[in-house]
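Let's start with one chain on its own, the form predicted on its own, as structure tokens.
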């Protein structure tokens, strides 16, 4: 009975209360650093592309298909098991419920997901791989992608505020919640959570026991995906809020949490890149340095980031925020994920080539900041930008100068 009480206390401490977002951010940064050592820093948009390409392949649309199945694509598996991890966490915390939003909100979810698909393929990156990992990886393009997110968020917020006054019916209508975990006699949800964890552990064992390095990497992505989903759901880690809240409510909690997590990731990524840690036997130090550094500096990232910022604000979740909220039962985010997955291959195949024809080649270059500033200068620049962001959001929280635009 004594041991049972201790274990129940541990369980309740993890799942009875929401974690501070900054704690979740630190844990996510550590896991992203582990992913970097294993193969590649944390990202999400590539997984949506692969899932969408497989969908088109199954439908016989070969021009938008792929030869890489979902079960062999690291980022697609990561995305799927983030959803599952968030689902398990929601079951444990009695926060799961199939939340059906009004039709207008579902449509906005799909449109937002589609805009994120276009933005991430044009700008080469989402809020996770492009911003969170990209800034920490000292990518010059990531800074302009972040600026695009900010500008897109501001424009989308202006639209949402206008819509609330001019077209309130869009967000109104019938909504309901099915299977809410807060209701009595829902103990089965926690049992289902434990069953799913055991199932995932079996899947991890199935992958890693096959002996090849590729399968071991895939197995670890499945395990880390599950843990990421749990952390995201418990801490309600949300990059959309970091860009949106200062201009809506003025609250600085989310941006401060994201700043802390990026700093932790920056430290880990810089060590890995500087010393060439991880896959050193297979890759040169230069190849490791250029991970999460894309050919999107500067205009390509700015355009893509702006479109993505519009989409994530309209949808109410970014690439990863969509995943964990979908796992929690938000149907609007199911539509967002569907829009992202369906439109991503279309954008990659048709929209991106068109954009690349109309923008100068010189505005879509690969820029690794230490190549220009050295490691010390690059890290100082990123820290200075993060400091300016922190000063702004804390000042705005006190003054409300830019709140509600």
Partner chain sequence: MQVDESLDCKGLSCPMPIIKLSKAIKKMASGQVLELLGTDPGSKTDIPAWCEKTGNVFLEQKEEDGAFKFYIKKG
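Numbering follows the first chain given and starts at 1. Because the structure is a prediction, the values reported are computed rather than measured.
Omitted from view is the form predicted in complex with the partner chain, to which the following refers.
Item to check | in the predicted bound form, the one of 271, 172, 199, 295 near the partner chain [non-hydrogen atom within 4.5 angstroms] | outcome: By the 4.5 Å heavy-atom cutoff, the listed residue in contact is 172.
Item to check | Heavy atom contact within 4.5 Å of the partner chain in the predicted bound form, the stretch among 70-78, 122-130, 207-215, 244-252 | outcome: Of the options, only 244-252 has residues within 4.5 Å of the partner.
Checklist entry - Is there a non-hydrogen atom of residue 287 within 4.5 angstroms of a non-hydrogen atom of the partner chain in the predicted bound form? => result No, residue 287 is distant from the partner.
Checklist entry - Using heavy atoms and a 4.5 Å limit, would one call residue 236 a contact residue for the partner chain in the predicted bound form? => result Heavy-atom contact with the partner chain at 4.5 Å: present for residue 236.
Checklist entry - Wondering, does residue 13 line up within 4.5 Å of the partner chain in the predicted bound form on heavy atoms? => result The answer is no: residue 13 has no heavy atom within 4.5 Å of the partner chain.
Checklist entry - Hey, in the predicted bound form, does residue 219 get a heavy atom within 4.5 angstroms of the partner chain? => result Looking in the predicted bound form, residue contacts with the partner chain do not include residue 219, since no heavy atom lies within 4.5 Å.
Item to check | Neighbours of the partner chain in the predicted bound form among 76-98 [non-hydrogen atom within 4.5 angstroms] | outcome: Contacting residue: only 95.
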